[in-house]
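For reference, the chain that follows is the form predicted alone, supplied as structure tokens.
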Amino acid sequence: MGKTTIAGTLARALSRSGHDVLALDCDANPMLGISLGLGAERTEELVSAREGLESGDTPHQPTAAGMEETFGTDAPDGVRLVVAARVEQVEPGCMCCGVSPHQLLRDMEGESRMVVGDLEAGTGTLMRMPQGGANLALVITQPTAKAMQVARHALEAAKQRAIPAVLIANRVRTDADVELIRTTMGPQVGIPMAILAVPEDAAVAQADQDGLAPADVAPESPAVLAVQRLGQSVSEFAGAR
């Protein structure tokens, strides 16, 4: 289960628990629609609409509401998906093509919806976040040296910007994998961390391979159930703020 699959499964879990959820696909390769259960064809239609900005086939949208209408669609379980990946245009003041995820989130401040963003891999987006630019950062890592190094930088960036963070130990096979991440990451980052483990799961891997949402085809699989527990924790966190 990768970050996009976790984001899609989490968005649906939150919506099922009663939240009004907006899912933002901010990845350069926007495939969140597949993980939400829209299917490859509808996901590609949304991506094509974004690409139409470059050719002039799609009109620019100066507001977040306009973006949601033009580049958004209803997904299963009542989630609203918006493809908000940046495009290769030099129009930094344009909401739909030059605005970064944290600017878009700022424009949505005051809304009652819960926003789940699938950001680009790495630390770039977090590094550009202002102080308190998000309510919570979910940092996903695997028990490998390279993945933990990237996650360490992400946690440090969140800490510097006063953004609470949860570390997700992803695709773990044993308790030793989780402990490796805990002992390796904790002392070096220097912040107390809640760690949630998402196990390696053949059913989720098959769903990803087939272009289907694990929430639809493997709702009782260990990885999906783990993300549902994450959704409960996120709900409790949101309610405490």
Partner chain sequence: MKLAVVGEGRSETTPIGTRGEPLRIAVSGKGGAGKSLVSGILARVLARQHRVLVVDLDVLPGVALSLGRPGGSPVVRGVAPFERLLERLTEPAPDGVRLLPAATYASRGKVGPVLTTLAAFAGASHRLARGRPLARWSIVGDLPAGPRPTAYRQYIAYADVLLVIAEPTVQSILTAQRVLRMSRSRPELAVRVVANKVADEEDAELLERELGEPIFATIPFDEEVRAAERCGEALVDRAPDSPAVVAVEEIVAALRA
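What you see is a predicted model, and the numbers here were worked out from it, not measured in a lab. Positions refer to the first chain, counted from 1.
Keep in mind the form predicted in complex with its partner chain is missing from the figure; the text below concerns it.
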{"item": "Candidate from K159, R113, H153, R106 lying within 4.5 Å of its partner chain in the model of the complex - any heavy atom", "value": "H153"}
{"item": "Residue among I34, A203, A197, A64 with a heavy atom within 4.5 Å of its partner chain in the model of the complex", "value": "I34"}
{"item": "D210, heavy atom within 4.5 angstroms of its partner chain in the model of the complex", "value": "yes"}
{"item": "In the model of the complex, G122 touching its partner chain (heavy atom, 4.5 Å)", "value": "yes"}
{"item": "Q149, heavy atom within 4.5 angstroms of its partner chain in the model of the complex", "value": "yes"}
{"item": "Any non-hydrogen atom of V47 within 4.5 angstroms of its partner chain in the model of the complex", "value": "yes"}
{"item": "Heavy atom of each of A28, A40 and R171 within 4.5 Å of its partner chain in the model of the complex", "value": "yes"}
{"item": "Heavy atom contacts to its partner chain in the model of the complex at 4.5 Å, residues of 213-227 in sequence order", "value": "none"}
